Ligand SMILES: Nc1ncnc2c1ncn2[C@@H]1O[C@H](COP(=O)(O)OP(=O)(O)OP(=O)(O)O)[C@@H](O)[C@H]1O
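Below you will find one chain, with nothing else, as structure tokens; this is the form predicted alone, and questions on how it binds or moves follow later.
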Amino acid sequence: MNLCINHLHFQVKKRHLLENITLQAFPNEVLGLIGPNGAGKSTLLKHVAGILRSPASSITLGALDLSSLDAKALASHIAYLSQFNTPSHATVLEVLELGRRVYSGMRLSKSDKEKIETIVEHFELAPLLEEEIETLSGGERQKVLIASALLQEPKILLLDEPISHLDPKNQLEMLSAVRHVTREKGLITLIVLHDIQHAIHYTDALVLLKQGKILHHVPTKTLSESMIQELFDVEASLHVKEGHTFVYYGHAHDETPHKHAHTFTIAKNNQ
């Protein structure tokens, strides 16, 4: 079943936050949403999650009209991790258990507990299980929340800047885990990323959003320099080394004829 978004418009007063957004996302695919601040990336995720509604549009999963479902029904299809998550007094274990209670209610089954044990081992969360989530570092808390979202076993996984509080090692591990579970479980994953380098290495397709409009929706491997320049209004070039693509940004200064640039790389082989 494909996720289809058709003619999505959204405005607040006279400001158009999304204009005629139409796209499809597919099982086993990590679809990255990239663009400058205020492009509409988080707003688009909130519509898919059912937090925001736009009556003139339709959002469907196969034949199912997601925009007609209430929050409880949506939770059995969609897991959503927002950019700003409010910590609570719950322990890490209780937060992980919430990911299974969508199916089991208050009483967890043996299968539920086995799934929790597996995710705890995968994300190395055992030392944190009895800690209250609000006492954790931002990176630790983010790992727990992503793990809980994955335990929900959704058909659609929505992640809004999920690695913003993680150090480089955990960023790589988290994105690798998201990509792995997307393919293993046949999920449709939409992820907002600010780091274009991560987007290139960990997504299958990219939606380039600017001022509420889709500039391009392309397979990641076809992303071009001109697309990046159009999206971010900066000079950019792409370089391939040992099968990996790297982004090079540069800009000229009035006080010097030389061009200053920044290169962003990933040291770990992620293919």
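Each residue number is its position in the shown sequence, starting from 1. In this text, all values refer to a predicted model and were calculated from it rather than measured experimentally.
Keep in mind that the form predicted together with this ligand is not shown, yet the notes after this line are about it.
- Comment: this ligand is not present in this chain, but in the model of the complex one of Arg101, His194, Arg179, Lys155 has a heavy atom within 4.5 Å of it, namely His194.
- Exactly one listed residue, out of Thr220, Ser237, Ser42, Ser54, brings a non-hydrogen atom to within 4.5 Å of this ligand in the model of the complex: Ser42.
- The shortest heavy atom separation between Leu17 and this ligand in the model of the complex is within 4.5 Å.
- The closest non-hydrogen atom of Glu140 lies beyond 4.5 Å of this ligand in the model of the complex.
- Although the partner is absent here, Pro27 lies well away from this ligand in the model of the complex, with no heavy atom inside 4.5 Å.
- Residue heavy atoms within 4.5 Å of this ligand in the model of the complex occur in exactly one stretch of 57-65, 200-208, 241-249, 33-41, and that stretch is 33-41.
- Residue Glu161 is the sole member of 151-166 found to place a heavy atom within 4.5 Å of this ligand in the model of the complex.
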